[in-house]
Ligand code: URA
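Form predicted on its own, single chain, as structure tokens, below.
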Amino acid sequence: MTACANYPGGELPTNVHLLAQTPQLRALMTMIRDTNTNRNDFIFYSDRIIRLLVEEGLNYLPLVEQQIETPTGLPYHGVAFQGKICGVPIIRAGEAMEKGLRECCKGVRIGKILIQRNEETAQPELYYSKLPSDIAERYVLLLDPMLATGGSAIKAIEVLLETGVHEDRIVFLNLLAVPDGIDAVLARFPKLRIVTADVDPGLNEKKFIVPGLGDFGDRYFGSSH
């Protein structure tokens, strides 16, 4: 288990992976949390964190041993990724994470899921999805920068499972999470993995992460639409 002061009991569940809290990462998180950071810098520093998240997420995909020959003519006993990968951003904010995924995984397939809140029921509903036809055979990196209540993530995961994706083949990547969201997702999907850059204490009365970083999508894309 990973120590985490903002999670009840001081330790994260075994399938929640927190990026190493290095001075570099803490400086990057400080930049994107700062309300005075302009949009260009917000994008730049967010992209750096997203790249770290993707690299860490790939560590939880299966590998097979592989022997190759180096330019010196000698063998090298290494490893290679096993299986196919698909990235699935939750629209809109999750699309900001596509660039980092493409930079790490050449030619990766991308799906899309749009979840919106029903104003009458206050429940998340699926409005749109476009997923690769063979997604059931792939390992899925689910992308959403913020894990707050967990409602949108749970609905998106339900969609993936309905298309045949195995729960234990889903890795959910986010920049910021809170205990309520983590617990809600894992209560429904205990075999899924979560990789996050930081964990905040909780939510305010408007269900925003606090201290948080504001609305990620608005700050990254520059508008609320």
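Residues carry their position along the shown sequence, with the first being 1. Just so you know, these numbers come straight off a predicted model, no measurement behind them.
We do not show the form predicted in complex with uracil (URA), though everything after this point is about it.
With the partner left out here, uracil (URA) still marks one of 104-112, 130-138, 143-151, 79-87 in the model of the complex; by a 4.5 Å heavy atom cut-off that stretch is 143-151.
Of the heavy atoms in Glu11, none are within 4.5 Å of uracil (URA) in the model of the complex.
Contact annotation: Ile209 falls within 4.5 Å of uracil (URA) in the model of the complex, judged by heavy atom distances. For the stretch 86-117, the set of residues having any non-hydrogen atom within 4.5 angstroms of uracil (URA) in the model of the complex comprises only Arg117.
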